[in-house]
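Okay, so here's just one chain, in structure tokens, the form predicted alone.
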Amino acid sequence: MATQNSAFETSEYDRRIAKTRAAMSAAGLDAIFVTDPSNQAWLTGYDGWSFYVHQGVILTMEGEPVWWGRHMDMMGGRRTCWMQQDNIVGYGDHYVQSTVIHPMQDLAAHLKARGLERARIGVEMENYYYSAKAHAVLTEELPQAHLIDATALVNWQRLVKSDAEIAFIRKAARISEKVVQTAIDRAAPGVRKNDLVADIMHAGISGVGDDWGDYPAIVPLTPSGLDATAAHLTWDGAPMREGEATFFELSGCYRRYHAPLCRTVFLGTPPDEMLRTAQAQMEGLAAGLEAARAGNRTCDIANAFMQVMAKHGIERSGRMGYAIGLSYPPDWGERTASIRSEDETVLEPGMTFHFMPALWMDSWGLETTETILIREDGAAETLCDIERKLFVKD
């Protein structure tokens, strides 16, 4: 049985582990060691702000997964993981940030104790949380094992969401609506950007009704004017000014599930070029949503948008979205399928994406985006309900 704090029933975790083991078998792996916090949570339910130290999940072809991390974080594992307590193990604090010993030495001992000293073990080499030093030490400690790159093996199993996951994303979408509406309502000349962001974050954490808000994997991105020509700036203490556009790239978060949503606000009278571009962007979004159907490909969404942009003489290339769901900092994307012209991932019912064909121009930026769900039939469902337009406040 799952613990009282687990996000899902044990049967949901059983489903996930079965999918992962099938992928492991196809890759010829005896075990995997998963360090991505999102993958750890997806497999075990572990939820804590401890990913600044070495931790991870050991999954073999039989039995429960093993959560391994710092000893003091074992207690968090016992509160959030669904497994038996003897499958939640920890290393001592003398390993933490030491210059003479490394936590991977302790991990290697656990792997050997489970008969994996000669095994084919998958590791997430292209991952924020698995360092070059960790790989070097683990390789040295397991000279007879084969450490094989299994980057995103678990991520790809997360691409099609269960009904239980979709229910959580819908809750996150309600919170996204609240935070974006807060940004639109509070934006005004003279309002300090940090004060506005404080209101946004309060709205997100307070949640909607009984659905409390969690911290999103990305902080609010709220650049104005020339700053909005850049994609990933945050905020400062300067007041908002008349004659500038501000885009708000935000997401509600419920039990680590996200539903990103972006809208742009102009204070004053927008230039004609911006109005024309915003109208073209809305037309392109509609075309992309129409192409977002089961059986089509992610590239079909991107190509539909770009065709509309080309008709209006606007150049737009590159990535225009990505799979979303359960995530931890620094990114709410799942790092699998992308909405771009070279990605041919076939769309299946239950996939969720952030469709975000933002436009960053020479002197301003426009972000109008949607979190979408691929349905059994018909075009994708947009999970948030905020009018799709450039918001103008005179």
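Treat the numbers as computed from the prediction; the structure is a model and nothing was measured. For every residue, the number given is its place in the sequence shown, counted from 1.
The form predicted in complex with a further copy of the same chain exists for this protein as well; it is not shown, and the discussion that follows is about that form.
- a further copy of the same chain in the predicted complex is not approached by R263, whose heavy atoms all lie more than 4.5 angstroms from it.
- a further copy of the same chain in the predicted complex is approached by F51, whose closest heavy atom lies within 4.5 angstroms of it.
- Although the partner is absent from this view, A198 contacts a further copy of the same chain in the predicted complex, with a non-hydrogen atom inside 4.5 angstroms.
- Within this chain, T80 lines the site of a further copy of the same chain in the predicted complex, having a heavy atom no more than 4.5 Å away.
- When contacts are defined as a non-hydrogen atom within 4.5 Å, all of D47, D227 and A231 contact a further copy of the same chain in the predicted complex.
- Of the candidates S98, Q144, T269, Q85, S98 is the one whose heavy atoms come within 4.5 Å of a further copy of the same chain in the predicted complex; the others do not.
- Interface residue among Q279, N127, S162, N296, judged by heavy atoms within 4.5 Å of a further copy of the same chain in the predicted complex: N127.
- Comparing 333-341, 26-34, 347-355, 58-66 against a further copy of the same chain in the predicted complex, the single stretch with non-hydrogen atoms within 4.5 angstroms of it is 333-341.
- Along 146-162, one residue reaches a heavy atom to within 4.5 Å of a further copy of the same chain in the predicted complex: D149.
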